[in-house]
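One chain follows as structure tokens, the form predicted alone.
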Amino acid sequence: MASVLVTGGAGFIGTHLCNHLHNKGYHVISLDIQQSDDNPWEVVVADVRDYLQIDGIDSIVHLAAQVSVAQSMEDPDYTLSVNVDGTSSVLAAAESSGVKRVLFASSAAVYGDADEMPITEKSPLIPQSPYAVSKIVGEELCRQSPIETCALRFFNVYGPGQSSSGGYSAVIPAFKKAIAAGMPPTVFGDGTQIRDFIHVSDLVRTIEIALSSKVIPEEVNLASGESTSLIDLLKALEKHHPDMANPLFEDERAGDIHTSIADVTLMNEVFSPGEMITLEEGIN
């Protein structure tokens, strides 16, 4: 039975991934700075920036990070500390303990506002926030490691249990929270922003495939390959909430990207994750 360490295992994606891998028969160890013992998998409470002892681990999925673009603009030092120093610490521990493979959670933020759509893995990296910079540095640390690594560039992940505050993809739970409270959903910008949403169950299934794949690329987009504007997202939500309040439009936030659509050719060729959940299915 393969052993997998999931850093950030108590977070939104981490919890889904630990549950999925546990159900598939993996020996799962979740590492996070704060978590409950109420899980069928092993838990370790630690900060990824600390000295880590991780003997007996076959693979690592490194999810632990400060994930808010907005927070990274306000406190870049903390973001770089957690995301860069944390990644360096995880790789050092992996190298000293014989880990075979590290999958690093990167982000579509590394591309910034790309000139061409859809975005391929060879598109220029144009970071627009300290968060994006931290992910680019993390990717480079992975490339310099003697361990086999892959930077998984997550696009807009959404699904059950996602927080409505912070994070690169929190627009869906934020909209749903406002609708449930009878409040207007807040749109930062004019609503024409384009996103590529991938359901968390599709994401973790693809990560599991990447763990056992014979060959992994240095970096790969993980996304649906489908484009959705924020206005279209609101229309999809309105179908199930016809009485929802009209959205409130506010100024764009610093560091936010306008258009982000992934080319998923490489993902499909290397991992073949199969059919993805549609956004309309996923949000309901």
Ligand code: UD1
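Please read these numbers as outputs of a predicted model, since none were measured by experiment. One-based numbering along the sequence shown.
Form predicted in complex with the named molecule: not shown, discussed below.
Peer 1: Find the only residue in Cys142, Ala170, Val133, Ala93 having a heavy atom within 4.5 Å of the named molecule in the predicted bound form.
Peer 2: Of the listed residues, the single hit is Ala170.
Peer 1: Work out which of the listed stretches, 74-82, 96-104, 118-126, 188-196, brings a heavy atom within 4.5 angstroms of the named molecule in the predicted bound form.
Peer 2: Answer to the contact question: 188-196.
Peer 1: Would you classify Ala174 as touching the named molecule in the predicted bound form, given a 4.5 Å non-hydrogen atom cut-off?
Peer 2: Taking the distances in the predicted bound form, the answer for Ala174 is yes, it comes within 4.5 Å of the named molecule.
Peer 1: Please tell me whether any heavy atom belonging to Ala151 falls inside 4.5 Å of a heavy atom of the named molecule, as the geometry stands in the predicted bound form.
Peer 2: Residue-level check for Ala151: no, no contact with the named molecule.
Peer 1: Report whether the minimum heavy atom distance between Ala108 and the named molecule in the predicted bound form is within 4.5 Å.
Peer 2: Because a heavy atom of Ala108 falls inside 4.5 Å of the named molecule in the predicted bound form, the answer is yes.
Peer 1: With the partner left out of view, is Glu238 within 4.5 angstroms of the named molecule in the predicted bound form by any non-hydrogen atom?
Peer 2: Contact check for Glu238: no, nothing within 4.5 Å of the named molecule in the predicted bound form.
Peer 1: Each of Val43, Leu63 and Arg205 near the named molecule in the predicted bound form, meaning some heavy atom within 4.5 Å?
Peer 2: Negative, none of the three is within 4.5 Å.
Peer 1: So which bits of 62-88 sit within 4.5 Å of the named molecule in the predicted bound form, heavy atoms only?
Peer 2: Result: Val67, Ser68, Val69.
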